[in-house]
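Take a look at this single chain, the form predicted alone, given in structure tokens.
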């Protein structure tokens, strides 16, 4: 399924292709034996096969997988693959619910990667609930943030978007970056997913989305230069107006 999704996106000349969190295995884990079965090295031949699909294109694939680290522990990770191979691996820092039973939390900042289309940052699912994560990526120059995710279906009033898409909208607006989230659809071992894939612009408005059980691609043509402008008007700048000396106790 991941291979077909990549091929379909490449056929549309997509620059950035995002697949869900833990796309190589599924999300709901039921035993240590199963975890050991799905855990992969970041040197797995799968990533080389994705590089082969990309060929000479300047496209980038961001996809989630269960990573067996060099320390022997298993991480909920995201791989960044382009025509040169595996560019980066990010190990999810903020673990959700039962993930804490199966995965080790990451210990390093998420990457910012220079690509042909701009500077790419990576987060995974629950990371986006923490405002510091997107702000950190924006401060390090990220213009678009890719978010492989699995959002369990949550209550929302009729006619409202999912709260997770709301988080993406706010994070994009307050940092003046693009945010693109790829969510799982359907039901897996009793867990129903939101199916809330979306692409949000630096003004916080949704450019494309798909919610519900219908699988399919979400795409948008975007102008990356919009993420370079952090001004709200001639007197305000979302990064320039920060006062870090007043925020120190928050970090502590």
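Owing to the predicted nature of the structure, the values given are computational and were not obtained by experimental measurement. Residue numbers count along the first chain shown, from 1.
From this point on, the text means the form predicted in complex with a further copy of the same chain, which you will not see here.
- The partner is absent here, but in the predicted complex a heavy atom of 135, alone among 176, 135, 87, 119, sits within 4.5 Å of a further copy of the same chain.
- Although the partner is absent from the chain shown here, 140, 242 and 251 each have a heavy atom within 4.5 Å of a further copy of the same chain in the predicted complex.
- With a further copy of the same chain left out of view, the stretch that reaches within 4.5 Å of it through heavy atoms in the predicted complex is, among 142-150, 158-166, 178-186, 71-79, 158-166.
- Contact check for residue 9: no non-hydrogen atom falls within 4.5 Å of a further copy of the same chain in the predicted complex.
- Remark: residue 96 counts among the residues lining a further copy of the same chain in the predicted complex, judged by a heavy atom distance of 4.5 Å or less.
- Taking the partner from the other structure, a further copy of the same chain in the predicted complex has a heavy atom within 4.5 Å of a heavy atom of residue 232.
- a further copy of the same chain is not drawn, but in the predicted complex it has no heavy atom within 4.5 Å of residue 14.
- Residues 95, 96, 97, 98, 100, 105, 106, 107, 108, 109, 126, 129, 130, 131, 132 of 95-134 are found to place at least one heavy atom within 4.5 Å of a further copy of the same chain in the predicted complex.
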